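Here's a solo chain for you in C-alpha cells, the form predicted on its own.
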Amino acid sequence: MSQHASDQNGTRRLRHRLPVRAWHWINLWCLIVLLLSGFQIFNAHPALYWGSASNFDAPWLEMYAMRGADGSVHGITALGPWQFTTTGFLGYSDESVRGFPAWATLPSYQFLSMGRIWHFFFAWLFAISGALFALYALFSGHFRRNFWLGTRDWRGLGRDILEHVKLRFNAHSGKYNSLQKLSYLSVVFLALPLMIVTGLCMSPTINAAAPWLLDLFGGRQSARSIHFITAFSLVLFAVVHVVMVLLSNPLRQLRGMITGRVPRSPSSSDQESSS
C-alpha cells in the first residue's frame, strides 16, 4: 500500500505517518518539561546579560522585587531601560521573590539541582529524537516532499501571508502552504539546533572541550541569552501553531496527528497527502 493510500471505503486518507506523529508528541512533552525546568534554572539568577561575564550593573533583562512607599512588595521586570510592574507573575509571586511563579516551574518549589536533572534528561531525549527524525525525514523524502520551497512557493509567499492575516485557511488541501513550510524549516533547521548548541554552552565540560563554541556566540552570558530568546521564540511558534489548529477544524487536525488519517474532503485526492 502506498503512503497515499486511503481506507478501503475511501472515506479517510493518510495525513501523517507514524514517525511524524511520534516525533510531534515526543517533542510536545519534551518542550513542556524543558520550558518548566528551564524556568526553574533561570530563577536561580533571574537576569540575562551579553558577553562573557555577568555585569550586574547592566542586565538586558532582569526580574526582581522592590518595596514600595506603602511597605508592600512589588514584582518588577526590567527590559533594557524599561521597567514593568509584574507582581504576582514575574519577580514576586506567592509572597516570595522569584523570577517565574511556582506554577510555571518544575519542580514548583525552588530546587535548582532537581530542575537541572529534569532539564538535562529531557534535553538529551529531545536531541536524540530530533536526530532520528532528521534522518528519517531526509532519507524518506519527507522534507523534500512536504517542506522544500520551490519557485511556486516563493512566488506565493506574499499571498499566503495575506491569507493568514485575513484568517483564511485551506485546512482540507492536505498540503502545507509556503508560509507553513518556511516556519517549519526555520524551527527544524535554525531554532532547534540553536537551542541545543547554546544549551551545550552552559556545560563546563563542553566549554573545556570546545571553547570555540563560546567564542562563536560571544561568551557564556550571550549564549545563555540566545538560549532564552530561542526558547521563547519556540513558545511563540507553539502558541501560533495551536491557534492555527483551533481556527482550522481542530478535531480533524487532532485526529490526523493521533491516528494518522483524516476524513477525505470532497475536493481532496490521494495525491494531497502530506505524510
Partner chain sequence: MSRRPPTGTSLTRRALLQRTLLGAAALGLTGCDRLSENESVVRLLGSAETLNLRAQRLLAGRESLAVEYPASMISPVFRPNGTVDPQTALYRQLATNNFADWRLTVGGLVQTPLELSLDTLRALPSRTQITRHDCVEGWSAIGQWTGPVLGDILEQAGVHRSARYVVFHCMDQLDGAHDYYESIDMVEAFHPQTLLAHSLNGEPLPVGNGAPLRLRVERQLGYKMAKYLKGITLVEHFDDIQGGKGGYWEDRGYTWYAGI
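Numbering follows the first chain given and starts at 1. A quick note: this is a predicted structure, and the numbers were derived from the prediction, not measured.
Absent from the display: the form predicted together with its partner chain. The rest refers to it.
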Contact test in the predicted complex: F120 vs its partner chain, heavy atoms, 4.5 Å:
yes
Is A44 one of the residues lying within 4.5 Å of its partner chain in the predicted complex, judged by heavy atom distances?
yes
Contact with its partner chain in the predicted complex for R116, defined as at least one heavy atom pair within 4.5 Å: yes or no?
yes
Could you confirm whether F56 comes within 4.5 Å of its partner chain in the predicted complex, counting heavy atoms only?
yes
For its partner chain in the predicted complex, the stretch among 73 to 81, 97 to 105, 185 to 193, 147 to 155 with residues bearing a heavy atom within 4.5 Å is 97 to 105
Would you mind picking the one in V245, L214, L28, I229 that has a heavy atom within 4.5 Å of its partner chain in the predicted complex?
L214
From Y136, Y176, W124, F89: within 4.5 Å of its partner chain in the predicted complex by heavy atoms is W124
For a quick test of understanding: in the predicted complex, does each of P19, Q253 and I258 have a heavy atom within 4.5 Å of its partner chain?
no
